[in-house]
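Starting off, we have a lone chain in the form predicted alone, written out as structure tokens.
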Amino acid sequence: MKNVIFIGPPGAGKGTQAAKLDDMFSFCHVSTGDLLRGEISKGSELGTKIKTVMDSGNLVSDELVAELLKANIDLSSKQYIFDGFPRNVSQAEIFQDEIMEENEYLAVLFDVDTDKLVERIVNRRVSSDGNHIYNLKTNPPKVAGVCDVTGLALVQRKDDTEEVVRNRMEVYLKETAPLVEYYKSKNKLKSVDADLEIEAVTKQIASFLQ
């Protein structure tokens, strides 16, 4: 089984598919955003460095994110889905040389129509603990406003508005287009039609891993 890198814009369904594949193949889902927050909450030396950078309004450096990943993963005994890193070619090179090394991996591109994606994100809701994702149109909860799993209230993220989402799409496309070519040139890239139903997307990704 290979490790997997998810590449795709916000709202493309990466988190949903990671949860599905976790259940099917016992992957560990690594979200750099979650790791950053978790390391800060630990109060570790690394967490303190990260907090200092973030509190100053600066972006956490590629090298610091790599250090964070190395401190929190064990490629010798587990297989991972990486979500949120690498985001550009510079990060991909660090990821290859300092983290993956000789370990096998595959990059999966979530190919999605931008207009459909905006609609999807505007209709996205998450459980108040942030662990479960729904969509009011394509994957609604059984009870309106309530998480099926935890019973917690569902909320809309503050950045799930059309203006914010379209801006994020522009940033994503600018940063990620070269990254797609990078993995394509290494014969590491597979693409899925992320506009399909959730189960159909899961089936596509699973076929790459078997």
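In this text, residue numbers run from 1 along the sequence as written. Treat the numbers as computed from the prediction; the structure is a model and nothing was measured. For the two forms, the rigid core is made up of the largest set of C-alpha atoms that agree within 1.5 Å on superposition.
The same protein has a further form, the form predicted in complex with a small molecule, not shown here; the description that follows concerns it.
- The single contact residue among Val146, Val155, Met54, Leu173, judged by any heavy atom lying within 4.5 Å of the small molecule in the predicted bound form, is Met54.
- The stretch from 41 to 49, 58 to 66, 147 to 155, 177 to 185 that comes within 4.5 Å of the small molecule in the predicted bound form, counting heavy atoms only, is 58 to 66.
- The small molecule is not shown here, and in the predicted bound form it never comes within 4.5 Å of any heavy atom of Glu162.
- Proximity of Lys14 to the small molecule in the predicted bound form falls within the 4.5 Å heavy atom cutoff.
- The small molecule is not drawn, but in the predicted bound form it has no heavy atom within 4.5 Å of Met24.
- Not displayed here, the small molecule is approached by Gln91 to within 4.5 Å at the level of heavy atoms in the predicted bound form.
- Comparing the forms between this form and the one not shown on their rigid core, the Cα displacement of Lys184 stays under 2 Å.
- In the predicted bound form, the Cα positions of Arg120 and Leu36 lie at least 3 Å nearer to each other than in the form displayed.
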